[in-house]
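Let's start with one chain on its own, the form predicted on its own, as structure tokens.
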């Protein structure tokens, strides 16, 4: 197979496109830029006549208009919607010159070979890009931070993943991933509001013409908007989900320690302390009801660290989240770190103690700290110190106040012999676009031109051989 990628696409000569698809939002822009040109919801509207729409159409109520997700778990599920969305932003918004601009696409590390083949085939067949490259999301984050050996903790919408990266290469055998992430928090907030705030009307904003603010539990005072007939369930749920997302962004605060510890007396005393009036926060529901939360908002944040202690009251929500230990069975001939030959016993000083891994029970429910700690304990001892001192926290759901402090404290407690250091960008924009920014850095490097895979190479060798020989 030829390794000649045809024309040279160097950082100074060509402005490559960078596409970072995510379950919640998709980021598109040009290599070398600091931020994406456009950040859009990973959704599309589909009308009764099968026409597809984006942008403001997602919020416009129309008879039998569906609002559908494009990705699930960071993997494209609706290929029709994905192609339509990318074509819309490539052609109508960014005015992409396909013949002159290669594209770098970020991908999660758990994508199957079949999925990756389809991704390559779709972009070469549907678009006329001269070359492309698939880059692993954690590798891009490591490039953005300038730390090529690190542990990337990505707290996203659908999943929390913990991926060791060594010299820019992801170690798939040590990957940890659970679904106790942003969507899980949304559903827990919904479950609590429905069960504990029974008089709170959770109708979404699009149904309201005017409203008057009232203190909960008074009934909502509003005038309903005239709406078209046959509003779809998908449209209504998408609009309602914004209530829980707003609550997550406004109210949550991570408690310093677990609210449900083994010492019941201490746990009760700590909860009483959090119930003080100074910890109350208010939020106005779309229909104008203003409600207070106190212990609830700390419990919602505590969910990420201790999901097993907060079972759903709504069985339909409970069925969405089966017990998950986070362990996956992934491997690649290129992803494994080869440890150096160690000296015999007695020839070196005392080694760093190995953290004791927790149970390997697949039905065990691991929270965030347990997930990170398990990943550290399974990493080769030669890498453990470097990995533990370079933990990068990223993802939109990682912006909960005091989350990094709690994670740092629990990791230090579990690993007293290791130097734990957490790195996290300070702004929400950086935290949610780090993978895109890393892809932008990568594609703009002058030495990156040799990594592009040209369309001619694809046509000659096919997607399967490209995956095994060019994309690692």
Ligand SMILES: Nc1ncnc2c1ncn2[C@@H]1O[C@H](COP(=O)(O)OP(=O)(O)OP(=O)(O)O)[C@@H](O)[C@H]1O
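Residue numbers count along the first chain shown, from 1. This one's a predicted model, so the numbers in the text were calculated from it and none came from an experiment.
Keep in mind that the form predicted together with the ligand is not shown, yet the notes after this line are about it.
Practice item. Consider the chain as shown here, without its partner, and state which of 139, 373, 163, 74 has a heavy atom within 4.5 Å of the ligand in the predicted complex. Key: When the ligand is considered in the predicted complex, the option within 4.5 Å is 74.
Check your understanding: Given that the ligand is left out here, which of 382, 249, 126, 80 has a heavy atom within 4.5 Å of it in the predicted complex?
Key -> The option sitting close enough to the partner is 249.
Check your understanding: Heavy atoms within 4.5 Å of the ligand in the predicted complex: which stretch among 395 to 403, 312 to 320, 144 to 152, 202 to 210?
Key -> Single hit among the candidates: 395 to 403.
Check your understanding: Does residue 297 make contact with the ligand in the predicted complex, using a 4.5 Å heavy atom cut-off?
Key -> Flag for residue 297 set to no.
Point to revise | residue 366, heavy atom within 4.5 angstroms of the ligand in the predicted complex | key: It does not: once the ligand is placed as it appears in the predicted complex, residue 366 has no heavy atom within 4.5 Å of it.
Point to revise | Residue contact check: residue 187 to the ligand in the predicted complex, 4.5 Å heavy atom | key: It does not: once the ligand is placed as it appears in the predicted complex, residue 187 has no heavy atom within 4.5 Å of it.
Review point. So, in the predicted complex, is residue 448 in contact with the ligand at a 4.5 angstroms heavy atom limit?
Key: No.
Check your understanding: Can you name the residues of 94 to 121 that have a heavy atom within 4.5 Å of the ligand in the predicted complex?
Key -> Counting only heavy atoms within 4.5 Å of the ligand in the predicted complex, no residue of 94 to 121 makes contact.
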